[in-house]
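Only one chain is included here, represented as structure tokens and corresponding to the form predicted alone.
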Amino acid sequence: MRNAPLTHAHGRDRLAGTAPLRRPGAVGGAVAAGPGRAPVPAPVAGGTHPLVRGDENASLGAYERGVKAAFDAIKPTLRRISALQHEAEFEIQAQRVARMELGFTLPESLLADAWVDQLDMRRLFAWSVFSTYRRYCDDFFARDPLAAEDAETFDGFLRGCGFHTMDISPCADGRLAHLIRYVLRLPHRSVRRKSYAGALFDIEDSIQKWVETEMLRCRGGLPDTAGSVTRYLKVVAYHFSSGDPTREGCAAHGSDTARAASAGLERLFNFQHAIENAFCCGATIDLLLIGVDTDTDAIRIHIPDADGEIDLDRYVDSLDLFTATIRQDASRARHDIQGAIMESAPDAAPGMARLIEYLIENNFSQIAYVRAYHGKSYADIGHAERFVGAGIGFEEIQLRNLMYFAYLSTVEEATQDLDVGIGIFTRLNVARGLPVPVVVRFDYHGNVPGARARAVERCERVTGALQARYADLHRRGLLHVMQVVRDCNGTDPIEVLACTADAATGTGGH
């Protein structure tokens, strides 16, 4: 067992491994379960790491299994209902099965004429996906099941590292949907997440967010005052597949890992230069590039040097560090994490190095999580999303391969993201005769006059544009849309406006 720090540079051999996590200020040892969470140990095969939080893994695992089981029950339940359609009292039997297996009833209009015609299974499938999503959202906003125990201290920790905002742009691929709460183990309400195909974030949108953030600092002292020596941190998370790198990498970059990393870095530098050119050099922001292996959830972090420069060929690999430190005590394991960071970037800013140490240690728990519940790697190393989400919002989507993201204000500005998503679902669903379920959602600020009305109008406009762009799918009943809005200032559930899967009214009267 080698205890020396591990880093990567220009062709060094890659070790297999896994690694742990830590909370701000933690010094080792187990972390107690939060209120209402029993400290049930996670079933770890082959031992675990001293820095892994087994209680949190058990809680996150139970939540993921419960949510995905609800979506995965749809197909077998509808097959069962389809087999009943010519039996006596079909409607009563079908509703009984739906309530028992899915937890909701089906639209009466879709069942009423089954005796004279075939059931519209495409509509029933889309309706069931949408209804399951609605139940999932209601539960999320009512219970806050993914609340992080360190949420109250994270903001202070981040400022202590020298950053007042952490703005992360992962790829829109559903295999990165759990990046915040699972892979990096961050409080999902403490960081900004906005996903784009290939992690190629909209520079103008990020500039607008930067301006908004700095205005709040100047006028309201939030999250700290403009005079504080903290910076805006922009992060890009690209991805790759260690098991099938040429086919299961990032679709937007042709499964070319080097291209995905290079494109992400270029977008980061372009954003930084845009801020500096528009607001002078004093407005410089910090950058960070993270690679995610979607097979194992291990991360590689490209550490900026003292000048903020990032070398794509140098990075610290959490999987290597996990393997190298698994038999050490917590203190020695942390020492080696710090050593690997220093070896990779000896002149890295202390605050940046501290944050990276925290992220690597956090990721150790996710590596152990995947091993405990999925084996050496995920069985579904490819796409297995259940629906497409288009619009603005979706903070509740923190689970891997649940939803493909397409953040947008108009269809025209996000054609690449949508085309990639529709292409994925053409293989997942359409090839099997199933429709593409799309949730069009726009969150709004309820304290802004007219905000809800504008959100509703956007839902209608985007729905029409989707149906026009993918007219063939729409015409064949292979594209269904549910329109949703939500006041993001409160804790209320989503509001369903309309649903094309309801044959009778076209509205979402679940």
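All figures in this text were calculated on a predicted structure; none of them were measured in a lab. Start at 1 with the first residue shown and count on from there.
The form predicted in complex with another copy of the chain exists for this protein as well; it is not shown, and the discussion that follows is about that form.
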**Asked** Out of 312-320, 138-146, 216-224, 252-260, where are the residues with a heavy atom within 4.5 Å of another copy of the chain in the predicted bound form?
**Response** 216-224
**Prompt:** Within a 4.5 Å heavy atom cut-off, is A274 in contact with another copy of the chain in the predicted bound form?
**Reply:** yes
**Prompt:** Does another copy of the chain get within 4.5 angstroms of any non-hydrogen atom of V462 in the predicted bound form?
**Reply:** yes
**Asked** Hey, in the predicted bound form, is A379 touching another copy of the chain, heavy atoms inside 4.5 Å?
**Response** no
**Request:** Please check if F279 has a heavy atom lying within 4.5 Å of any heavy atom of another copy of the chain in the predicted bound form.
**Result:** yes
**Prompt:** another copy of the chain isn't shown here, but in the predicted bound form which of D305, D419, D113, E413 has a heavy atom within 4.5 Å of it?
**Reply:** E413
**Item:** Interface residue in the predicted bound form among S109, Q208, S82, T426, criterion: non-hydrogen atom within 4.5 angstroms of another copy of the chain
**Value:** Q208
**Item:** Three-residue site D150, G156 and R334 fully in contact with another copy of the chain in the predicted bound form at 4.5 Å by heavy atom
**Value:** no
